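One chain follows as structure tokens, the form predicted alone.
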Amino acid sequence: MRPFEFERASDNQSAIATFNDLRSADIDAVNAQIQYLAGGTTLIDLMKLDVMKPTKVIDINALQQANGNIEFKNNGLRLGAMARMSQVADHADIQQNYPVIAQALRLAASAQIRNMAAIGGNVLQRTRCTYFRDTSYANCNKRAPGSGCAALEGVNRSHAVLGVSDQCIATYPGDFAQALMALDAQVELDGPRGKRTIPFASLHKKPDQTPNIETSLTPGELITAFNVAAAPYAKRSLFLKVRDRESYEFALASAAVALDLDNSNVRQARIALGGVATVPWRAKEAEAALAGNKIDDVTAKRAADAAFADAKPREHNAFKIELGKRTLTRALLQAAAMEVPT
């Protein structure tokens, strides 16, 4: 690990003010020379691997009092970004009214990491692609723009089949983000240019020609909260995760599903996919295929086919298309059969 300066921020303003020292070359948050530290479960790992090389780290754990609350309001749920994963997953009202959130968080990482990791940092975790995390591989456009992508012709079993480009096929690794995608969450931000709120769906950027720019955050911007509306599909929601082993493993395929049913017919469906895409992935084609229909084996499989119609597999990850379809089909059937509390 390289030497770096360490500071503690007492509030949002003092944390953000630190970014007045940024270089003009720091055009995006993930590659800036100053980085925020909350749980540190991603940042510290990548600093040890010499993948991330900040010159200054700002500890923002003192912001938990202001930015760590869980609030239920008339119009929905507000999750402070400094709330810990376990705190949100174990919340009884979230389990009842937004089960997809609780399930996605409970199936992530280990109990120790869930106790440490803040949900704001969780959605910003970076890919587990070996070629990105191992600096002995020179060709990684995400780590060294313009160097190429070793995964394209390398070992790519864990890589993405949706949202890929000829520059990068690295998979987004998180679970919680899929729940937020399915529930149409909004993100509150605070930064050097003031406060703003954006759709969660616009937070992450597909690789396209600039895979090194992973989010729409500007340097110094803090995620302060997530807002989730009290939508009719929120209670009938679930998260299904398929992986190589039953615990402490990243998804090969996952599905976050939320349904609003009129008797047995779909009024609204919200679907997000994980483990198969470069960013948290909203499957709008699958949602459209379900609208107005009863969910059964036939309609669920038709929706799954629509979700993966544009998939682009490589040599070792083609199995993810069929696995992803089966995962989504199973999730839809389970969600349709749920007993929903009134």
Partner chain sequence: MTDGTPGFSRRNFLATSAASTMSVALLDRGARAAPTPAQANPREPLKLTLKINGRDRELSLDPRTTLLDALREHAGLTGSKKGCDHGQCGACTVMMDGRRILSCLTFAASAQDHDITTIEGLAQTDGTLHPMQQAFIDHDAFQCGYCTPGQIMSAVACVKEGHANSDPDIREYMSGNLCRCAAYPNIVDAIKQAAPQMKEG
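Numbering follows the first chain given and starts at 1. Everything numeric here is computed off the predicted structure, so don't read it as measured data.
The following text describes the form predicted in complex with the partner chain, which does not appear among the structures shown.
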query: Residue contact check: residue 68 to the partner chain in the model of the complex, 4.5 Å heavy atom; finding: no
query: Any non-hydrogen atom of residue 341 within 4.5 angstroms of the partner chain in the model of the complex; finding: no
query: 4.5 Å heavy atom contact, residue 106 and the partner chain in the model of the complex; finding: yes
query: Contact test in the model of the complex: residue 114 vs the partner chain, heavy atoms, 4.5 Å; finding: yes
query: Candidate from 30, 291, 44, 298 lying within 4.5 Å of the partner chain in the model of the complex - any heavy atom; finding: 44
query: The partner chain: the contacting residue among 315, 285, 310, 59 in the model of the complex [heavy atom, 4.5 Å]; finding: 59
query: Listed range touching the partner chain, judged in the model of the complex by heavy atoms within 4.5 Å, from 106-114, 197-205, 230-238, 156-164; finding: 106-114
